[in-house]
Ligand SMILES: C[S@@+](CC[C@H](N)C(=O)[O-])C[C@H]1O[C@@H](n2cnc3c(N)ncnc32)[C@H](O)[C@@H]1O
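The chain below stands alone and is given in structure tokens; this is the form predicted alone.
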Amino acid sequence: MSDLVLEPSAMVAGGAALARDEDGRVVFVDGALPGERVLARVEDARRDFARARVVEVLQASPDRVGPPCAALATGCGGCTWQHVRPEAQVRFKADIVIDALRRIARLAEPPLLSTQPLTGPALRTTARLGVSATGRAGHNRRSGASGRRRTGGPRPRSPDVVETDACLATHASLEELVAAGRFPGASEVLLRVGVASGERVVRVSGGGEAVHVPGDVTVVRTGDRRSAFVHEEVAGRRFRISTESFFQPGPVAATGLAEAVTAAAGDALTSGSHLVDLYAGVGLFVSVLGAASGARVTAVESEAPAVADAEVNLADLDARIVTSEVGRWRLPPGEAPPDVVVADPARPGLGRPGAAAVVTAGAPRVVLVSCDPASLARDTLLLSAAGYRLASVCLVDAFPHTAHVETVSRFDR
């Protein structure tokens, strides 16, 4: 491994800073910030690029701060942007989104990004964590951090799990489970709490022995026939959320995203309108928008646990729930196009099958929730080819202290 003195110029997707060595080769530097001068150790060298990690900050950026969580120093890979001032985190995320729209979507002048205000800290109420050799739950050790590292063939994940007694990113009710829970022999645990209800559940994967958690916690194991869930409130609506169902990281982030989606839908939704929600999950967006507007709603979701939750969460609305892969879904023959389509795909984005479902629905307005700038840019290309224009992009900082980017975008035609 060699050491280089570098001066990064920008942040890139994934959280590294972009620099160039003396030969012009791109170097992605973990732990650095634009405008700094750093000594970095190369950990992976290729012909066209290299990856390095900061060894010493020679000249610091004004955007650098001391990490507020001690777990980072022990190698925790959960929140790797703790060295970035919070206001700068949002600015860097916006820069990454604009760069993706320019490079991948080939937009010479992307819309100006807005930022969705949040009602408080976006603390997480769900965590999927590894389990250490002593039965403690924790994040995997970040790449390049000191400690035991994998070599050769497969080996247990537990040596790579960082134990912690405090977690900067989690709600206090969840933090207690991280610190006090014991899951001997398990390979992974999903911890979920409902802030509004006070309910807490744990799903244990990979076998294991007796689980030790506070007495109020419901424990299930992967493969159990019985389901476990919590209840949460977002934007005045109550949601049942099973351990097997996807939900946003916490109620503050979910509220911010729902408000951004509502703003993007705008006046296109009124009483008597038709809203289609693709990748509807437990019905978060369709529930909030349907209740606020009085619109008739269609929720399309493929995962059975989420469908079961949505049936409960949408029971008081004029709702139709369709169990289907989005790429295979089409409006019933003869049905008029909806007024608005909302789509919240997984990290890879709509892709061609999802975009085809959106386009053939024929809505004049599409609201796209994206959790990756590159997938947003790729989906922008696909929708633009079908005549949609990217009208607005709103950034929601749902995962502070990380490079994870959430956006809500409006497309019109």
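From a predicted model like this one, the values you see are computed outputs, not experimental measurements. Each residue number is its position in the shown sequence, starting from 1.
Below, we turn to the form predicted in complex with this ligand, even though it does not appear here.
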*Give a yes or no for Gly31: in the predicted complex, does one of its heavy atoms lie within 4.5 Å of a heavy atom belonging to this ligand?*
no
*Considering only heavy atoms, tell me if Val326 and this ligand come within 4.5 Å of each other in the predicted complex.*
yes
*Quick one: does Val161 come within 4.5 Å of this ligand in the predicted complex, counting heavy atoms only?*
no
*Hey, in the predicted complex, does Glu303 get a heavy atom within 4.5 angstroms of this ligand?*
yes
_Can you work out which of Pro251, Gly135, Gly281, Gly77 has a heavy atom no more than 4.5 Å from this ligand in the predicted complex?_
Gly281
*asked:* Going by heavy atom distances of 4.5 angstroms or less, which of Asp63, Glu36, Asp344, Asp372 would be at the interface with this ligand in the predicted complex?
replied: Asp344
*Have a look at 311-319, 168-176, 240-248, 196-204 and name the one stretch with heavy atoms inside 4.5 Å of this ligand in the predicted complex.*
240-248
